[in-house]
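Listed next as structure tokens is one chain, alone, in the form predicted alone.
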């Protein structure tokens, strides 16, 4: 089996498929791993998934665990502490973790599981004859696989090959900024700030936290690499006092990660023949509910389950899509609704109420 894409979804799929006895090769287009160094927040459904994959102890050791979310107003005043439901008994409900730490855990387990990883390689053609897929690679070689999994992200080449008429990712009108900072002792869980400047602080280790900042981005601007720290500092002007005070620490241009927010949801089939898509390749969401990576991880587990149980790949793919479609559509739509509410381009959405609804949805069995 070939997995195209060595991100969170592709590596998790390799782990889940190897655990069920499938031979797996993962290809990644970059000749060296490229993982930006800021953090990621992962919630109770990801804790449950990591437990199922046998990765939970390593995962928790590498991150910062907590069980509640603090909500502050535009003036920085604490408004509420909201507990997050636990889905694994005796374990935390939320983890903040460095993306590089998470990536290292996944790569180590993929390697230990006996999967092959090939860097600096893409699939240039996929020829499906019904009984398998002949793949031509960017180095001119070919190989044959029973199944190909496209886990190659928002701008998936695999999706383009399968469904050339599918709409491309759509810009959502906002951008997100992230930066690692020293963690004050009193930042022990996700602390979110509402108001004209929507921001949050997430601990990812004892010494570190990361700040995220969501801003309107009319015209989808780009920022010069040597000016991006100053641009982020400027976005904090007028924010809650504690957040604004952190601006002076944002000095390293290379440490700023800025991404325009884009989303996509493929409403038709997620597979064709012996080729199937997962994660951002088929349902990329904005980060307003913190579930993008979680949905890809859940995809990987469900796809592996269905392939292990089904008589044919097509039966497995159908079962996989039926199980994943409603949850992923809810996450994409709800995240975008929050985005539009913040921009004033859609109906008002109470972020807290939508988050509570999200917790209910992702707590359901896979």
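As the structure is a computational prediction, the values presented were derived from the model and not from experiment. Numbering follows the first chain given and starts at 1.
Another form exists, predicted in complex with a small molecule; not displayed. Remarks below refer to it.
Of the listed positions (173, 287, 132, 76), a single one reaches within 4.5 angstroms of the small molecule by any non-hydrogen atom in the predicted bound form, namely 287.
Exactly one listed residue, out of 198, 253, 122, 274, brings a non-hydrogen atom to within 4.5 Å of the small molecule in the predicted bound form: 122.
Partner proximity in the predicted bound form, defined as non-hydrogen atoms within 4.5 angstroms of the small molecule, places exactly one of 216 to 224, 107 to 115, 263 to 271, 147 to 155 at the interface: 147 to 155. In the predicted bound form, at least one heavy atom of residue 30 sits within 4.5 Å of the small molecule.
At the 4.5 Å threshold, heavy atoms of residue 2 stay clear of the small molecule in the predicted bound form, well away from it. Contact annotation: residue 191 falls outside 4.5 Å of the small molecule in the predicted bound form, judged by heavy atom distances. Contact annotation: residue 362 falls outside 4.5 Å of the small molecule in the predicted bound form, judged by heavy atom distances.
Across the proposed site, 10, 40 and 292 without exception bring a heavy atom within 4.5 Å of the small molecule in the predicted bound form.
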